[in-house]
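Take a look at this single chain, the form predicted on its own, given in structure tokens.
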């Protein structure tokens, strides 16, 4: 297999995630009890043989930098290649937020120049997937395409007025692209993952930014396909995936993970998902506690009732407290006699004694970090 590098862009619009992204990027969102969104993307690239991975930061990136560290959990801390944190390149014109992914790549031209790999996989950071990139790379090389896009037919990935959708013919060639249509015509959702030669990407980015273009799909891919400037084909991803672009989609992903058959499809034995290690004592369950269909991380103390919920590390549930359909992030506390349902509690949140907090399942209540209720 030819040498491949990975680039992850973490600058997506996070407005619909409200309180969850006030202090962090979407890529740093805690999910599934002990992971972050970016863990799945970096792990997929490492499992695909990539030893050089660059993460382009934008706003609110301190939490993400702290989580990734030196990259040792992903075996990306060697002398050569490794994990590269790429903070915003600040100038008078650029105050820390790129207009689009093309501007972000242009600002990191030095990183692209210094990298030696022939191919590059470019991914966004708000779609959770666990892809076999070795298969995608083999497909790209066998077809002789200039660019290969990854797409899914999963209907839950479609969004009215959001997203990019592609038409693919029998040979796998992309024949048309729709960007943010009011009602998508095509069933193939582009997962914002593409593969091409590094030198070709550099040339495309340089030419695009020089012409005032910013958006990858709308400004670049659309022109490549419609004007036939390059051979663009598509690779179908058949695994499970989630677009974390709203509070509802974040809540749905975590609730989906409670289903064993979905966990088996996401956490595949030969495609392990790595994350930052934090040594804790095992979870403690008192004799009077009750836990049903829940993910409970290490360091938790359960003395009440927990149903259909995800508890991150260090969460404490007091006696006679009841938790149902909730996500409670690291070091949260639910005190005695409290009852919460359909809630998302950010880190270090405290729900005081005998409090009742019940949200609709379709629109869960979100409590920001360090809040006491």
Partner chain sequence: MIRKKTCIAMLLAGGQGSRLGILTKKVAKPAVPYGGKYRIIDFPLSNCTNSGIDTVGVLTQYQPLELNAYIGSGAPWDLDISNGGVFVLPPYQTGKSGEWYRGTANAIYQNMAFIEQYHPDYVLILSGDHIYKMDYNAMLDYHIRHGADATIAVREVPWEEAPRFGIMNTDSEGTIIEFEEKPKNPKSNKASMGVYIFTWEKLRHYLTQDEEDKKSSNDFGKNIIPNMLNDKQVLVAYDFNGYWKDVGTIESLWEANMDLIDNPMPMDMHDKKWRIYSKNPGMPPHYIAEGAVVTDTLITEGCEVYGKVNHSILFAGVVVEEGADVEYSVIMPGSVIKRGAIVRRSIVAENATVGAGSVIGENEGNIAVIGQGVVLPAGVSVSAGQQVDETTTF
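Not measured: the values here are computed from a predicted model. Positions refer to the first chain, counted from 1.
There is another form of the same protein, the form predicted in complex with its partner chain; it is not shown, and what comes next is about it.
- Checked against its partner chain in the model of the complex, the residues 249, 143, 289, 109 give one hit for a heavy atom within 4.5 Å, which is 289.
- Of the residues given (224, 262, 167, 295), 295 alone sits with a heavy atom within 4.5 Å of its partner chain in the model of the complex.
- Per the 4.5 Å heavy atom criterion, its partner chain in the model of the complex is contacted by stretch 298-306, the sole one of 185-193, 78-86, 298-306, 226-234.
- Although the partner is absent here, residue 33 lies within 4.5 Å of its partner chain in the model of the complex, judged by heavy atoms.
- Using a 4.5 Å cutoff between non-hydrogen atoms, residue 336 does not count as a contact of its partner chain in the model of the complex.
- Its partner chain is not shown here, and in the model of the complex it never comes within 4.5 Å of any heavy atom of residue 197.
- The closest non-hydrogen atom of residue 203 lies beyond 4.5 Å of its partner chain in the model of the complex.
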